[in-house]
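Quick heads-up: it's one chain on its own, the form predicted on its own, in structure tokens.
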Amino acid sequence: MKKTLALALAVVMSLGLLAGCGGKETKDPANNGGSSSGGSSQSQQGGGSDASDPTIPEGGTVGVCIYKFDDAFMTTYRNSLQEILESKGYKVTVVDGNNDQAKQNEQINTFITQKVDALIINPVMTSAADQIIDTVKNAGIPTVLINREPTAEQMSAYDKLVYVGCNAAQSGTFQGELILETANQGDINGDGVINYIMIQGDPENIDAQLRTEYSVKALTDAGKEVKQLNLTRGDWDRNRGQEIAANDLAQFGDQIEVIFCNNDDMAIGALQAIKQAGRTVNKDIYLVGVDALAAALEEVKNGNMTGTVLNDAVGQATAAVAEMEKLLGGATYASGEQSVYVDYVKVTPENVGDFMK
């Protein structure tokens, strides 16, 4: 079954932490099912057998594994997780995987040796999901996976496992809609074709795959003709975003009408290249990202980005802790009921003030 719970925007604003993630709906990843202009909501695919009042172990310990600390979005996410967990009285240890799956595997094993009560894991690689799930299952530790979603089949191997994230297809769709909402719907030169470049994150990551696909699908579903001038892997990195955009602007020049970036860090890098090339966002080129990082919000406010998409780090951290406590209280999850999604929100020049401190 699927139930929707409102996550009050006031919670996000009060914590002052706004920031992208991904996931795929089991049946239809294009079904975003949420508001596009305010507030965010939590959608649960299934829900397990809930325990009404989870028993928190005295001095309960939680191990949190983050794929790498210098990811801007995951910095906001892990800080939110730590704040929420510690406010509830948990003893929390957060470790940096340094984008090294072998290192993260060692960290997980160390937590198991230390007999933590629960684990929250942001996998370095989705391809390592089987190994991670097998490890935590054998240890019998309730586990919440975040940000990078395994398949439903993989998760079904362990009934004390749940994934919390976002529907990355929704974020891609919203990026495309931001372009469609411009005065010329992205066709700056009026030739009937929207020429774009795509700066992709990690192509193994489901977020990158679905954002790449659905940002363009939103345009074609609206009847627009599109032409991809280039697609390059940027690994979520600001410097790579700048480098890729600079190379593409040098190669394709005024042909480029839209730059899609799978996250805000790469978009901010691309913005630097746009300025260096003498182009002007929202005049002769459009630029969109995902995450609603503070720096990106400022650029949207100042007219230097066409828009971004809120990846609700606080909402996801809140949901991750709530699911962890259900597991600690004895909840189990049946196959197909192990994914919880938090909605994305479109951020435009008109509503950007709602998401700034």
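Given the structure is predicted, the values throughout are model-derived calculations rather than measurements. Counting begins at 1, following the sequence as shown.
There is also a form predicted together with a small molecule; it is not shown, and the following applies to it.
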Which of 175-183, 141-149, 106-114, 127-135 lies within 4.5 Å of the small molecule in the predicted bound form, heavy atoms considered? The stretch 141-149
With the small molecule left out of view, choose which of D71, D96, E243, D159 has a non-hydrogen atom within 4.5 angstroms of it in the predicted bound form.
D71
Consider the chain as shown here, without its partner, and state which of Y196, Y214, Y286, W236 has a heavy atom within 4.5 Å of the small molecule in the predicted bound form.
W236
Since the partner isn't included here, can you check whether the small molecule sits close to all of Y67, N205 and N311 in the predicted bound form (heavy atom within 4.5 Å for each)?
yes
4.5 Å heavy atom contact, N263 to the small molecule in the predicted bound form
yes
